[in-house]
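Form predicted on its own, single chain, as structure tokens, below.
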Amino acid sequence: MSFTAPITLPGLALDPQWYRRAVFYEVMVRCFADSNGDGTGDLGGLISKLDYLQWLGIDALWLPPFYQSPLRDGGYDVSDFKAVLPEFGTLDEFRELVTKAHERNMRVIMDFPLNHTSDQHPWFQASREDPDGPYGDFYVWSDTDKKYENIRVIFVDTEESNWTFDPVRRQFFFHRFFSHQPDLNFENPAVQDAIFDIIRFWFDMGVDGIRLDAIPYLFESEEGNGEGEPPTHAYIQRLRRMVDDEYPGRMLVAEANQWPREVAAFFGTAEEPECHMAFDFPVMPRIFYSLRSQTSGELVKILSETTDVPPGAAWGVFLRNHDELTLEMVSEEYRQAMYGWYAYDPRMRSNVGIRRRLAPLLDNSRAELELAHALLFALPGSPFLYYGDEIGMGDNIWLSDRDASRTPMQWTPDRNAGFSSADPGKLYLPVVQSLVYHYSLINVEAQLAQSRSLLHWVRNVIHVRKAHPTFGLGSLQVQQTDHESALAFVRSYAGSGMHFGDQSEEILCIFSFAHNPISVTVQMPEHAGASLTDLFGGGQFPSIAGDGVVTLTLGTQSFYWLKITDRPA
């Protein structure tokens, strides 16, 4: 497989707000490509596939944890924050990855689970064995398990309490997640300094950004619920000041599974900024709800909710990732509807969510895959793709926990899907061999050979999006329509004139969730008389009438991106 590198505009590397226009790609090192035939993906394998990612149009890679770890929670249980898990490679290989990515005008951001460590971390071992030593106060210890009773248990299907008794220290330790992941004690200044030290270590390695995993849960108090408490925000503000002062052009991403207003708090303010980006969790389940309910009301409601974000901040939007499709941000009635549509088999469920990949969720419907991606790429913020979703990879619900959607990337129809030369029995997880999603049918090589494949379609949409700064930098205004299945909004950007093509622009994005063709009327009084041009093919559409009304016909589960050209006054 060979790829022709796209031409990149000079100066992009100097853009301090690069993340606002970037297309991100989540690639789990273990799952992507195995370079040494041991059955596990590694940094060398990822380096070998950078040309593919550049061809696809990816601007930045997001790497979930690749640190030293017992791997009881997919690497989020870290035992050494400054070491690479040996089966993934070495620090020198990581440096090479960053260098090679930068050569291709791609950046690298990495995960940092700063809320907790593994119980195998030397800090925890020292803390439990020597309560009066330098690490004795690195974790949250108590003689009772009755503290912080306002704080909810997150993993309700595996943990009964946020406290676990340690037989060595003869005290309880606090944990927001699994009982083998004790929470760090952020009240301790030495812990705060240790976190700064780790972040500096990776930024010095050339990393372009850090995803702050489980960011709301740093500080606890008896009065609060342990989520986004004031000392947590104060600490993130200190961290942001350090990054801006010492590493300009690098960025911090907040991972906070909360309502938009609460998540927006992690952007901080113009005077006291916190994170450069935050994930927009509530929008994602509502996309899936709209696809099955054939109504846009829930999406209209959430997109119309105004959340003040400081200048330069950006949302991160996504359809799927390495975790389950969380349903925490929906009502119980809504949740049961989603389970009925998307997780009818109990094996498809995990925690308060659904553990499925994008294509199986959408029953491998090409129309729905295109519609979901088109909506993702048109939303405010930067889109995050999950490895394999660009080819419609399947999952394996017979595997435990979140491994269902963490199977090897499918490159070719050959043995092990071209992921590894190892004996198939040695793979860290088996490749997908189900009837519909078998690796001999769904793989990069086959889709490269088909001009109308999902892979080529996704690449085309990415490149159209990248040609229009409006999608990354512009505002969104929901438009009134006369059909419950339609969603219409206008993306507007005043333009900075600083870069080629960075001009003012307005784009009408309209989507139909109906399972049959519809005619929809959109009210656009401020654009009366304007002409509409398709962004993909350049075709002319009916102009907006003098009274500001335009009527469009949309096929089954389809969409338009239309450039608005107002008549001169």
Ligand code: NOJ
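Each residue number is its position in the shown sequence, starting from 1. Please read these numbers as outputs of a predicted model, since none were measured by experiment.
The protein also exists as the form predicted together with this ligand; that form is not presented, and the subsequent description refers to it.
J.: Going by heavy atoms within 4.5 Å, which of 243-251, 174-182, 382-390, 412-420 lines up against this ligand in the predicted bound form?
T.: Only one stretch passes the 4.5 Å heavy-atom test: 174-182.
J.: Considering non-hydrogen atoms and a 4.5 Å limit, which listed residue (F155, W259, Y339, F201) is close to this ligand in the predicted bound form?
T.: Only one option qualifies, and that one is F155.
J.: Pick from D73, D395, D280, E220: which residue has any heavy atom within 4.5 angstroms of this ligand in the predicted bound form?
T.: Answer to the contact question: D73.
J.: Any chance R286 has a heavy atom within 4.5 Å of this ligand in the predicted bound form?
T.: The answer is no: R286 has no heavy atom within 4.5 Å of this ligand.
J.: Is D213 close to this ligand in the predicted bound form, meaning a heavy atom pair under 4.5 Å apart or at it?
T.: Although this ligand is absent here, D213 would touch it in the predicted bound form, with heavy atoms inside 4.5 Å.
J.: Could you confirm whether R357 comes within 4.5 Å of this ligand in the predicted bound form, counting heavy atoms only?
T.: No, R357 stays farther than 4.5 Å from this ligand in the predicted bound form.
J.: Contact between R406 and this ligand in the predicted bound form at 4.5 Å, heavy atoms?
T.: Output for R406 is yes: heavy atoms within 4.5 Å of this ligand.
J.: Taking this ligand in the predicted bound form, which residues along 310-329 bring a heavy atom to within 4.5 Å of it?
T.: Contacting residues: H322, D323.
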